[in-house]
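Form predicted on its own, single chain, as structure tokens, below.
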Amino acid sequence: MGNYFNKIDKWLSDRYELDALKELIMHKKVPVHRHSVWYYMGGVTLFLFTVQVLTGILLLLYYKPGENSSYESVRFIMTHVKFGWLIRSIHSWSANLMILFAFLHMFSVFFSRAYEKPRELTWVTGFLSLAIALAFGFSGYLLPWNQLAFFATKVGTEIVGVVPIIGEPLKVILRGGEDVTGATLSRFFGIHVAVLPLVLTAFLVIHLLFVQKQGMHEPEKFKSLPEEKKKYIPFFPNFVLKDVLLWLVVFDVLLMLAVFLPWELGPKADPFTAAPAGIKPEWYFMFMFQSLKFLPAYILFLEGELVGVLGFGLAGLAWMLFPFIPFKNKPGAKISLQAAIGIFAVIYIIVLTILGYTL
């Protein structure tokens, strides 16, 4: 068997010059220090994206997009297809866990300052991948065509419409008209299963190439150690095996969530009924949603909602371009300005999310 695989390896290497890639993988090393656990967050995010793709393909075998078929097809999956309820529940829970680990990965990179030179574009591609993942969550939420998803999409697209100049046309493009209808469902389906997977895959490939090329970031304290005190482990097989072990743990958690807290379908969307009381978005949008609720109707001469949307847009742009912003920290300061901004961002997201669910 080993000889057989060696022949395949030689056949591929002769044609595609894989020696350079194998050399990179076999000789790549991962630094070992007290914060090494954060290196695994990106791998878990990638694993959960793979789960999303596989379960999404299985759901597509039975899902029928349409105002008069989406809800019925999802109900058929959950009640008649063997383990259909489990596949849908895994798909929904893995989407939430993927975004959670993407946030953990982003903030771990931020606080370790792994976005600094020469990894600026690695940070940018990672941020854009997270933004696309959020778009996945928003577009996929409507596909079951249930009541909660219908009105949440209506509120979400209304918020898009407040953006000056491009907001109203963009809202019409997203909805396929002036209101949320079957046309909106068709557009969200196309965006969710065709456009976003293609774009996200492209960004992930670029992101992973950057990471492989530049290697794992070494914290400043680790760099300052004498060479004889620095500890490394080989990327393959040591780090990869630990990564896979963590994937199995996360998959176990995912299965328990899917089995014991199955994703509910709820009643079918009805445009003529009133919106459910206390309608809320998914948790990863909650801090923005709650912030907009706290804003007054008008701030100076501008609508409060408009100020909030523009504020979050500018904050997101600044966060993406953070590696390119020059900072001047005072000598001897206990905490850098960059770290203070990161701590504020984490506290803000957590507090506003909690308030969104409790108020």
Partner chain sequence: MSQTRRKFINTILGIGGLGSLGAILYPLVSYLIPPKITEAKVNSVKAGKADKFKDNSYKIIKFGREPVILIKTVNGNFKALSATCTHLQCIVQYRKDLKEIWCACHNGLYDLNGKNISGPPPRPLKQYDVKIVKDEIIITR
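As the structure is a prediction and not an experimental result, all values here were calculated from the model. Positions refer to the first chain, counted from 1.
Same protein, other form: the form predicted in complex with its partner chain, not shown, and the subject of what follows.
With the partner left out here, its partner chain still marks one of 108-116, 81-89, 122-130, 162-170 in the predicted bound form; by a 4.5 Å heavy atom cut-off that stretch is 81-89. Highlighted residues N6, D9 and F203: none comes within 4.5 Å of its partner chain in the predicted bound form, counting any heavy atom. In the predicted bound form, its partner chain lies farther than 4.5 Å from every heavy atom of L143. Shown alone here, A333 lies farther than 4.5 Å from its partner chain in the predicted bound form, counting heavy atoms only.
Residue contact check for K293: none of its heavy atoms lie within 4.5 Å of its partner chain in the predicted bound form.
Contact annotation: I325 falls outside 4.5 Å of its partner chain in the predicted bound form, judged by heavy atom distances. Scanning L196, I77, A269, I99 against its partner chain in the predicted bound form with a 4.5 Å heavy atom cut-off leaves one residue, I77. Among the residues S139, S73, T184, T157, the one placing a heavy atom within 4.5 Å of its partner chain in the predicted bound form is S73. Residues from 44-73 that approach its partner chain in the predicted bound form with a non-hydrogen atom closer than or equal to 4.5 Å are L58, L59, L61, Y62, K64, N68, S69, E72, S73, in the order they occur in the chain.
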